[in-house]
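The chain that follows stands alone, in the form predicted on its own, written as structure tokens.
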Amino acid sequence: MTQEIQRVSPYFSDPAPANALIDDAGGHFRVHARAYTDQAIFDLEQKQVFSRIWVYMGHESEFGKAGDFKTTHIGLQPVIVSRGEDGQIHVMLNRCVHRGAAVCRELRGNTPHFICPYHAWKYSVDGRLQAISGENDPSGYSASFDKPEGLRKVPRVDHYRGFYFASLNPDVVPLADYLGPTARQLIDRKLAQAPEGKITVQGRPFVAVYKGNWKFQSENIIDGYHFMYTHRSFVQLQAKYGDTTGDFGVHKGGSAAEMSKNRNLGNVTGGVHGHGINQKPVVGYDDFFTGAFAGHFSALRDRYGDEELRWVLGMGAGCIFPTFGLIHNQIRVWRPIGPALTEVTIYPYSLNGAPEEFNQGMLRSHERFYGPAGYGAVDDVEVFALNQQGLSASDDAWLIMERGMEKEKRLDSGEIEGLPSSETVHRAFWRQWRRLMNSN
């Protein structure tokens, strides 16, 4: 049975099946504007998408010792992620079992316990109910009171190489299977850049809120088509000034034409669970073995060999369905707030064991492109808002996602590989979205 959208729409009679929002018949692949704009669809996504699959929670380096915690969300549901005294990572709903108040109001920190701000019920850092205020008062609870165990635990928590995910679905597929070979490869290659094979989230994250749908960010982070156009001002600065812009060699190219050529290297891969991966081999490979960091890169070459190291050092970006991204030396997370409101949080990270000067250079590059005063992120969030604005026009309600369809190839893994600026990854995302939205 398909899930039905119980809402009057200018485009469909009420009710409308969610799969009517994607047209992939006869060589087409088009997505209806209503998939981004309708409140009823947004509400259904909370049940059908975010409550059924793995959602990224945080990196192990954010929880270095017992009592370390952060607050985040699974869709609209607030959760606490913490490291307990047992050393394990726990994920629990940020909701007091008494009267429903959010127990933790801080974004991150360290604490021996959580105390509800309403009636001061006290919970351990792993969510166990430790004390009820006034429990022995004359007007307190009776002897037969059914005392709750504590905060509701999210039923599934797992990690891949220190990246922690949780799921509200106890029957969700194993995380390694969910990621699939290409998403795991991207993570492996990101960690391979570090001599110790690990990363550390550093500093405070950058946070942006834009007036647009959350799926625009999911599409954008692995979109190989927009860069030369959306970020035209940066391309011009890079062509003129090179690394003096503070880019630290991340976007190679001495001219717009050369940058465009470099961005058409590599491939994109659409995963069976909706992930999109964009990987390119590094440009100027031999240059890495001269200069201040030659020893660092030579040691990596000894470990991985030239062929693999070209990919390890290259540009790798991924959207792990639905709302987790990796690009350059950053973790990116976005959360839906409403059909036309999204929060994006960007966490820069350092490479464990890499020279401090190298990590600092990458951080400066990160700030200059993705920071609040940077060249790139402001371009993207402005376009997301313009997208949402444009979708208010109802003359032609379908968005076209057909770039590169005829040059795709299906891999033995079931994943689909496409050319670097094709929309293969977008089609994979939307196929998974449709499967989830129409499943029982």
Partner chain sequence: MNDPARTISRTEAEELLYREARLLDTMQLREWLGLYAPDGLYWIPIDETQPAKRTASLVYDDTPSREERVYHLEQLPFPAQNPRSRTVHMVSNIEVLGLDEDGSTRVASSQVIYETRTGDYTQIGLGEISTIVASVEYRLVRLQGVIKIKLKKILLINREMPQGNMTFIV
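Predicted, not measured: the structure shown is a model, and the values here were computed from it. Positions refer to the first chain, counted from 1.
FYI, the form predicted together with the partner chain isn't displayed, but the following is about it.
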4.5 Å heavy atom contact with the partner chain in the model of the complex for all of Gly203, Glu343 and Tyr375: yes
Would you kindly say which of His113, Arg95, His159, Arg108 lies with a heavy atom within 4.5 Å of the partner chain in the model of the complex? Arg108
Which listed residue (Asp43, Asp379, Glu402, Glu408) meets the criterion of a heavy atom within 4.5 Å of the partner chain in the model of the complex? Asp379
Considering the partner chain in the model of the complex, find the one stretch among 273 to 281, 366 to 374, 181 to 189, 290 to 298 with heavy atoms no farther than 4.5 Å from it. 366 to 374
Please determine whether Gly127 contacts the partner chain in the model of the complex, using a 4.5 Å cut-off between heavy atoms. no
Is it the case that Thr230, even though its partner is missing from this view, gets within 4.5 Å of the partner chain in the model of the complex, heavy atoms only? yes
Is Glu196 close enough to the partner chain in the model of the complex to count, meaning some heavy atom within 4.5 Å? no
Would you check, heavy atoms only and a 4.5 Å threshold, whether Gln39 touches the partner chain in the model of the complex? no
